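For reference, the chain that follows is the form predicted on its own, supplied as structure tokens.
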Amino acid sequence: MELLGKTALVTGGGRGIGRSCALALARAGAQIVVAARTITEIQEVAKEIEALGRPALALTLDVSKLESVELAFKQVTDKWGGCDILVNNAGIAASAPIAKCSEELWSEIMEINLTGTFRCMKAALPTMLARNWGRIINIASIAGKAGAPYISAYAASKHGVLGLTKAAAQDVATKNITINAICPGYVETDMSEKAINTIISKTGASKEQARSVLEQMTPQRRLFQPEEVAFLTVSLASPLAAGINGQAINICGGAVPY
């Protein structure tokens, strides 16, 4: 219960990685704000957290809209005085070769993945600075370190998240606040399921063959589990992780060695 007394806000907390992070942080003692666009999903996660004996608050939040971010963080401040731990997990993925990537698709991915992360960081920092303590964990992607076909916009947004993480970490390095990123490979989530279905529709491959394409991208030949990302998230949120700052840590089975 090393996070007892801390408030953690998880964006995109209704399913997949976000849900696992919210539950893991609750088990570590934090009270949890579960935030996402789909109210029914975050209400269900909030019930799971309360069943663990921890307080939970479900808040609708669309990181692509500044007013939504400002309102959600105001509600957290009004109820619990602000958040000590922020997990920026909200994100989208879409595939298109660069020659066919529309302005609309590019803008949507950047608005949610990169600008949304910036907005939430900026909204969380005043409380952290006032308390002289904080943890920000940005869920990026292995695509933030290495490119791949058909994901130019997504890879660019995640490279941007890593640049934002590294620079912002320097801004707060003397304030007992750390900012780090986690870079997973393909995780067993709806996003990976969508990638599998795209491969099937484009190539006519079977589901097993399409899944194997993703599995072959790591030396471990598997998809990763949301709980693996949650484990690292809780570790980075720990008071004992004070010396880990401005880092981008991979969960990729050795696919990218940097």
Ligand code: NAP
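Bear in mind the structure is a predicted one, so any value in this text is a computation, not a measurement. Throughout, we count residues from 1 along the sequence that is shown.
Just so you know, the form predicted together with this ligand exists too; it's not on screen, but the next bit is about it.
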query: Region of this chain that lies against this ligand in the predicted complex, out of 129-137, 70-78, 84-92, 172-180 [heavy atom, 4.5 Å]; finding: 84-92
query: 151, 162, 121, 187 - the one with a heavy atom within 4.5 Å of this ligand in the predicted complex; finding: 187
query: is_contact(residue 25, this ligand) in the predicted complex, heavy atom dist at most 4.5 Å; finding: no
query: 4.5 Å heavy atom contact, residue 36 to this ligand in the predicted complex; finding: yes
query: Partner proximity in the predicted complex: residue 112 to this ligand, non-hydrogen atom cutoff 4.5 Å; finding: yes
query: Distance check, residue 9 to this ligand in the predicted complex, heavy atom within 4.5 Å; finding: no
query: Stretch 52-77: residues contacting this ligand in the predicted complex, 4.5 Å heavy atom cut-off; finding: 61, 62, 63, 64
